[in-house]
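There is one chain below, alone, in structure tokens, taken in the form predicted alone.
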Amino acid sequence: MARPSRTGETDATRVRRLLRASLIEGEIPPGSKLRVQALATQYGTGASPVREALSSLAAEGLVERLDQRGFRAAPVTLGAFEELLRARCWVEELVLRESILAGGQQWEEALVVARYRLSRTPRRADPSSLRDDPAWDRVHLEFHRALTAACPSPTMLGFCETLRERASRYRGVALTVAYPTRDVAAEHEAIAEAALARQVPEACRLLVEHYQRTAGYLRLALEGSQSLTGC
């Protein structure tokens, strides 16, 4: 039985949380072999909690179980990415619509604050880096959450969060793609303005275009191979 930690987490739960974050953030490249004993040493636990965590992540689709050969990080494929994009656009368009219709003054104020923080945070502290600055990542996430926060359906908001996390994994493996002509800040401003003006169809259209534009760059990184196994 997995023992609980001082925070109340079992070893299996802790390993799953940490390993899941590493997979989603691209720290573990797609297709990488996940060796139970090496992970047990890394996380300071036994083999059983690691196997339990890997089995749980396999059920989520982030890990693949190999017959008689252990586990590996799930590969990234163009087909899976396209399906994820469609699902994300469908769900978030609906959730944004409901958020705008239900949002009151508190929602407006939170969105204004999130927009301001995003506009004041540099995307990359080092211009030569291909990785977004963690501070920008945080305020970017807060902005998108603020847009949909007033949706009255916790279930739909949960779907949004799951799809957002899965999409971030694709961003993590497409670090070689540059955005030379794209004005992301202007896209965020336009979405926020339409949402605050209660222009529901326009806000939804701009949000979907925002994701599809990002997808265009990601496709450039993925089309070199139908299965991407690393950066």
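Counting begins at 1, following the sequence as shown. Between two forms, the rigid core is defined as the largest C-alpha subset superposing within 1.5 Å. The shown structure was predicted, so the numbers you read here are calculated from the model rather than taken from an experiment.
Quick note: we don't show the form predicted in complex with another copy of the chain, though the next part is all about it.
Q: Pick from 38 to 46, 62 to 70, 24 to 32, 192 to 200: which stretch has a heavy atom within 4.5 Å of another copy of the chain in the model of the complex?
A: Flagged stretch: 62 to 70.
Q: Does any part of Ser119 reach within 4.5 Å of another copy of the chain in the model of the complex? Heavy atoms only, please.
A: Contact with another copy of the chain, no.
Q: If we define contact as a non-hydrogen atom of the residue within 4.5 angstroms of the partner, is Thr77 a contact of another copy of the chain in the model of the complex?
A: Because no heavy atom of Thr77 falls inside 4.5 Å of another copy of the chain in the model of the complex, the answer is no.
Q: Would you please decide whether Leu163 lies within 4.5 angstroms of another copy of the chain in the model of the complex, comparing each non-hydrogen atom pair?
A: So Leu163 counts as contacting another copy of the chain.
Q: Verify the contact flag for Ser56: yes if a non-hydrogen atom of it lies within 4.5 Å of a non-hydrogen atom of another copy of the chain in the model of the complex, no if not.
A: Answer yes; at least one heavy atom of Ser56 falls within 4.5 Å of another copy of the chain in the model of the complex.
Q: Tell me whether Glu9, Met156 and Phe159, taken together, all sit within 4.5 Å of another copy of the chain in the model of the complex, counting heavy atoms only.
A: The answer is yes: all three residues contact the partner (heavy atom, 4.5 Å cut-off).
Q: Which residue, Ala149, Ala110, Val139, Val91, is the contact with another copy of the chain in the model of the complex, using a 4.5 Å heavy atom cutoff?
A: Checking each option against another copy of the chain in the model of the complex, the one that comes within 4.5 Å is Val91.
Q: Determine the residues of 79 to 100 with a heavy atom within 4.5 Å of another copy of the chain in the model of the complex and present them in sequence order; the list may be empty.
A: The stretch touches the partner through Glu83, Arg86, Ala87, Trp90, Val91, Leu94, Glu98.
Q: Quick check on Ala58: with the core superposed, does its CA move 2 angstroms or more between this form and the one not shown?
A: After core superposition, the displacement of the Ala58 C-alpha between this form and the one not shown reaches the 2 Å mark, so yes.
Q: 2 Å or more on the CA of Ala47 between this form and the one not shown, with the rigid core superposed, yes or no?
A: Yes, Ala47 moves 2 Å or more.
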